[in-house]
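Okay, here we've got a single chain as structure tokens, the form predicted alone, with questions on binding and movement later.
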């Protein structure tokens, strides 16, 4: 049993992280659908404590961030990091240990959040034992990635971005959740609010963004058979992303109880964040110039492009909401839900695209059905096309109603009800898309056509 759990088989940890991500995608999609169903029908399952709205929201956020997105992105990142040297990971057993710790933490999180035990921190509700398991797993992953890259892999912006993401996660967990004193909340008042905002922004821009950028930059260049575009410029963009992301947290407190200069720093950082994001997007697109057939032949590449475009667009919507004028209408409304759906949905597309692209290189089998992958893609795009405008319009309707100062609060909520019904339909669409993804991945693992060993390598052209 132990030999199977901590095997040294090449790419076993990456493969298992991808499998785990596909399974957690289904669970996260189900929880998300229940959350939005209750927002449309507030009495739904209201008599059962385990399905109360607050517990479902907490579990859905945790599943989406740590179960679905993190597992897929980590699996893809481990494959890319190991491929950089063509020797695999420095230690597959340690990477597998990190997988089991991460999975145990996620299982416990679903249980304890459903039971109502929470630290009460948005996007970080999981109790301290789960935090410590995740921190241990993150440190193991960082050690494995660092030692792998020390063996002499090429110093590419993509690999540097991945290393930065693995190094940033422990910092985000320790500072955002106060794990330097895990048994109780060490923060209070405004500092606590800023720490919670830092946790939410850190998980997005210091964890998912560097991993998503590194994976997308590496895979697209490798599929296109071209060297990475402008490595120095893209490397500078990754550095800028790391420098700006910690400063974004105060953008959530425009017109709030923090000094005005702190609000200004957050709003400016949120706007400037667009520059590195667009630079990374350019670095992803440029290797495909003149070789767009790769997009038609590789649905995973389409996911990577569309996902990163959605991330940049969502960041622009968040930046707009942090400005003093627009924030009077958009701040603390469903506008922000729409923007974050683009950001998190974009990272979900990047994660799924990486899994599709890496299937023959991790599972050793060709993808069973490209048609299913393309259906997944178009369902995802359709959900964005319906849900995002609905949430943005709902946010404007709420903000315009509340800004008058004379209309009861409940009227703003009622004005958003039809738009939330559209978002519920989108949640069902996302659940179906996750089902297509998981079915395709596991069917490939079971009955996909074996790929020759020589074709399992995936290395960008250098020079």
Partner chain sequence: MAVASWVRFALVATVCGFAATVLLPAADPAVRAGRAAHVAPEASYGRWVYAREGCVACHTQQVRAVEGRFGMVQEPQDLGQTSTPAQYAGQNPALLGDLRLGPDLSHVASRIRSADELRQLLRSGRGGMPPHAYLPDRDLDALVAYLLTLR
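Positions refer to the first chain, counted from 1. Note that the coordinates shown come from a computational prediction; the quantities given were computed from them, not determined experimentally.
Keep in mind the form predicted in complex with the partner chain is missing from the figure; the text below concerns it.
Taking 185, 191 and 246 as the candidate spot, are all three within 4.5 angstroms of the partner chain in the predicted bound form by heavy atoms? All of them do, each having a heavy atom within 4.5 Å of the partner.
Wondering, does residue 398 line up within 4.5 Å of the partner chain in the predicted bound form on heavy atoms? Contact with the partner chain, yes.
Would residue 428 sit within 4.5 Å of the partner chain in the predicted bound form, counting heavy atoms only? No, residue 428 stays farther than 4.5 Å from the partner chain in the predicted bound form.
Partner contact for residue 424 in the predicted bound form: the partner chain, 4.5 angstroms, heavy atom: It does not: once the partner chain is placed as it appears in the predicted bound form, residue 424 has no heavy atom within 4.5 Å of it.
Partner proximity in the predicted bound form: residue 293 to the partner chain, non-hydrogen atom cutoff 4.5 Å: Residue-level check for residue 293: no, no contact with the partner chain.
Want to guess which of 220-228, 99-107, 273-281, 324-332 is within 4.5 Å of the partner chain in the predicted bound form, heavy atoms only? The contacting stretch is 324-332.
Candidate from 382, 389, 116, 129 lying within 4.5 Å of the partner chain in the predicted bound form - any heavy atom: It is 116.
Hey, which residues along 200-228 are within 4.5 angstroms of the partner chain in the predicted bound form, non-hydrogen atoms only? 200, 206 sit within 4.5 Å of the partner.
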